[in-house]
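Next up is one chain by itself, shown in structure tokens, the form predicted on its own.
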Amino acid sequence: MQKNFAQLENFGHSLSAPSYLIKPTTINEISEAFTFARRSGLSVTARGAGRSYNDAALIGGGIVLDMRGMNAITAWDAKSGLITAQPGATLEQIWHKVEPDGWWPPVVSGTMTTTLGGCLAANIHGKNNFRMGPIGEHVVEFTAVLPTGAEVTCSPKKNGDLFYSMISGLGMLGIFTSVTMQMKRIYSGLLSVDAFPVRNLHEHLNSLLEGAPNHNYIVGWLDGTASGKSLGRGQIHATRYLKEGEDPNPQETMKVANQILPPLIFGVFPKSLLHYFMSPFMNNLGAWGINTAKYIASLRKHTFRQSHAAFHFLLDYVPNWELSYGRSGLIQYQSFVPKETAEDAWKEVLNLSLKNGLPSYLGVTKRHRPDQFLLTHAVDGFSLAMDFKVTKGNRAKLGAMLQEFDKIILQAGGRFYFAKNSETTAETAQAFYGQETLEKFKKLKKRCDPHGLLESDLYRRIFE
């Protein structure tokens, strides 16, 4: 079992931690890593693609299991739409496999590079959460190895308590080793997208609420630099699947070659270099200019067809875009607020960010519904994700402001998502999870991990 020492970072490059890195390729090697950790007095955490914006896949001074070597798709049934894959398989691998046969993953993140194990640990949501729920609702069965060395198989009916806890459990109860999921039948490689502007936060949230029942996906872009009567303005993309027969040539549009995002702009300029040209605009004035130009460009309502990959994976349009934020990186803050209180809460949040001179450079909104997973982040309402640039000069002020955000969101009955927020405290987590939920989680933790081997910097921050 080879161990390397590495300085690992989160996706936003705002946090880092030194760790021993192990790259298992078999279940036995995972068990060996647990045995080694127990003998050495070290903690263990799993890491997929490292796409979390916070410290969920970091463990200072501990062992990180890089799961990307266990990435095989072990079974695919094109008739039933059932796929089985190892935890290191990415969403990109999965949709490449299933789409040519007329299927699509039922829930995806904003990037196709996330791993299946990471998606389940965070229980990711997509632009269709209001309709399809989180990714965990589409898992038929999974197997996992526990820190004790025991291997378990879980489904909604078999070991159901573990099923609904390991999915959403942030990797703190065991390590996924195989996942079987149900894919979504599609009849075209294209989606029909209605794009239209919204003038303020009230109109923004009403459009999400009223548009969701009539579409398969809905997502909003929010201008975090706008103020006054324009506070919360932006653009909505409301999207539906094409029905059988609407696409005259579905076999062609569902080919992987017709879905892949082009690496060049105008067929000439490499997108991989774009982040260098974006960097000079990553300041308050530049962000205001870009957001204003984007809003003006969005004022024309229009409907168009777009490939599944182009619609879903916006974060993959510009490779390494996060580097444009500079050496100190970025923090993404995401809150989930009930529909009854969201408008007032986010007005306060947006105004506070502007007052502090720390506007969000990118805002994204979605419509949500509750789910039954133990560490759920979902509500019957909306989410707002906000990107903030981190600098040496603003780090303390930004962290303090985000904790003020937490108070506003808690008062509004909101929740948080721990693939994102990096400044949330244990007190805040206890307030929105509730004591009963945390007690259930601690009992499962003691049962699955009696020696407390599985930890992460996030776990230490939130649960200890």
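As the structure is a computational prediction, the values presented were derived from the model and not from experiment. One-based numbering along the sequence shown.
Heads up, the form predicted together with a small molecule isn't pictured, but that's what we're talking about next.
A.B. asks: Determine which one of 229 to 237, 77 to 85, 290 to 298, 166 to 174 lies within 4.5 Å of the small molecule in the predicted bound form, judging by heavy atom distances; exactly one does.
C.D. replies: Of the options, only 166 to 174 has residues within 4.5 Å of the partner.
A.B. asks: Can any non-hydrogen atom of Pro156 be found within 4.5 angstroms of the small molecule in the predicted bound form?
C.D. replies: Contact check for Pro156: no, nothing within 4.5 Å of the small molecule in the predicted bound form.
A.B. asks: Although the small molecule is absent from this view, report whether Phe281 comes within 4.5 Å of it in the predicted bound form, heavy atoms only.
C.D. replies: Residue-level check for Phe281: no, no contact with the small molecule.
A.B. asks: Is there a non-hydrogen atom of Gly50 within 4.5 angstroms of a non-hydrogen atom of the small molecule in the predicted bound form?
C.D. replies: Looking in the predicted bound form, residue contacts with the small molecule include Gly50, since a heavy atom lies within 4.5 Å.
A.B. asks: So in the predicted bound form, is the small molecule close enough to Val256 to count as touching (4.5 Å, heavy atoms)?
C.D. replies: Val256 lies outside the contact set for the small molecule.
A.B. asks: Tell me, out of Leu191, Ile124, Leu358, Val390, which residue has a non-hydrogen atom within 4.5 angstroms of the small molecule in the predicted bound form.
C.D. replies: If I apply the 4.5 Å criterion carefully, the residue I get is Ile124.
A.B. asks: Just to confirm, with a 4.5 Å cut-off on non-hydrogen atoms, which of Ile59, Ala419, Ala33, Ile409 contacts the small molecule in the predicted bound form?
C.D. replies: Residue within 4.5 Å of the partner: Ala419.
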